[in-house]
Ligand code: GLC
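Next up is one chain by itself, shown in structure tokens, the form predicted alone.
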Amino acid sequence: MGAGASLASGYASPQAAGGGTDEAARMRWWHEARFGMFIHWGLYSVLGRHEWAMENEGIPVAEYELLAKRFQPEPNAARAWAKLAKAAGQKYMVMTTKHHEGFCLWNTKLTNYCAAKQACGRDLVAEFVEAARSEGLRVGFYYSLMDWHHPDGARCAHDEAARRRFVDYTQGLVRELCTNYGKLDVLWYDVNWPLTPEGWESAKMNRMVRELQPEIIINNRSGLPEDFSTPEQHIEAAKNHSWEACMTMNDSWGYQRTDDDWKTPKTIVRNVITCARDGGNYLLNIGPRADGSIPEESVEILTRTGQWMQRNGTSVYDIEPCQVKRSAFANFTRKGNTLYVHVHFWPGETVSIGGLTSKVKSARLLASGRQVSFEQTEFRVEFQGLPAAAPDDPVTTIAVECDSEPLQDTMAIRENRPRRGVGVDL
């Protein structure tokens, strides 16, 4: 991974560069999905010292190439990834077909530096595609434009003959990916160093992609806006453009055997909710070991997230922009006139939301269906008779039915709530 572009909430995006089907039709499933799995896997997984080890540690190319003799994952390891993604409530998967190290995980005709022609002896991209489809998940390919292995990967910036060779090589690899695996759903470029979009001939490349895959959606990291932007390791809603926040579960994208800075299931659930609230998606990464096995911490976090999604997923999938945002202990999503109040810091037997201007008709705990009593005044709605301890883990969601789209005006509280008169005893 590299520094993500952060075009700055909304659902519309500019028309993509040529070809393809109607943008709204292409993007519909993606906006409904909200939650996907990212997979970083490659030769760096053998080292277990971060996916940028080759550059960060200054490992010579000849030395790094030897890792291809040790990269021999178990057959069909991706099946466990896909089962976990489905159990976690994720709707699509995006795997690194080639990371910055330049090693291709498929059976390419353009280089011997690929899984099928090295010790692995198999097309790992084919195994990934089969696994995702077997679980009913959408399929996405990550592809790094930057290449630390190819001899023209750096000199292409100042040598036109090298640029021509490297761009032809790059577009040839992208063509193979878009030709050999049936229908694809996402093309996820990364790091377009060292060339400009003109140098990469990105518009031409993406027209080719859309001709081969008319329904595919493409991210912005070839240097062109295309279908969606990609804030990395943070959540930042984009203005007038679709967006997807991509994040790690610890601090590393690839397998890092000593990285123990794991996000909690509560953090993951809160991030999913925040992305959905503001019209974006959440692409959460796993870094399998070299044999393809998933770190136990990732399994536990995603399993607990999936249990929550199974009970509360209707408050995340296929939702609409939500104007209600102000609370010290809760977040919000909306579908029609239903406001979902996601309480992550449980305050006790009452939960109050200030400034809700829409009339509340009913309320219930989403996971159990238990009805919740409430009182509503001009300045707040107070949900009452709740358990002293949070009834759901890690976040409790209250589904609130309103008579119109839920709206919040907290400034009206500040300006209009009656104050005590001068000289009145406290």
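All of these numbers come straight from a predicted model, not from anything done at the bench. Just count from 1 along the sequence shown to find any residue number.
One more form of this protein, predicted together with ligand GLC, exists but is not displayed; see below.
- By the criterion of a heavy atom within 4.5 Å, C246 is counted among the residues contacting ligand GLC in the predicted complex.
- When contacts are judged by a 4.5 Å heavy atom cut-off, V191 counts as touching ligand GLC in the predicted complex.
- Taking the partner from elsewhere, H342 is found to have every heavy atom lying beyond 4.5 Å of ligand GLC in the predicted complex.
- Contact between H40 and ligand GLC in the predicted complex is found at the 4.5 Å heavy atom cutoff.
- Residues within 4.5 angstroms of ligand GLC in the predicted complex, judged by any non-hydrogen atom, belong to 32-40 and to none of the other stretches in 32-40, 372-380, 387-395, 353-361.
- Residue-level contacts in the predicted complex: of F166, F103, W253, F128, one residue has a heavy atom within 4.5 Å of ligand GLC, and it is W253.
- For the residues D278, D185, E232, D152, the 4.5 Å heavy atom test against ligand GLC in the predicted complex is passed only by E232.
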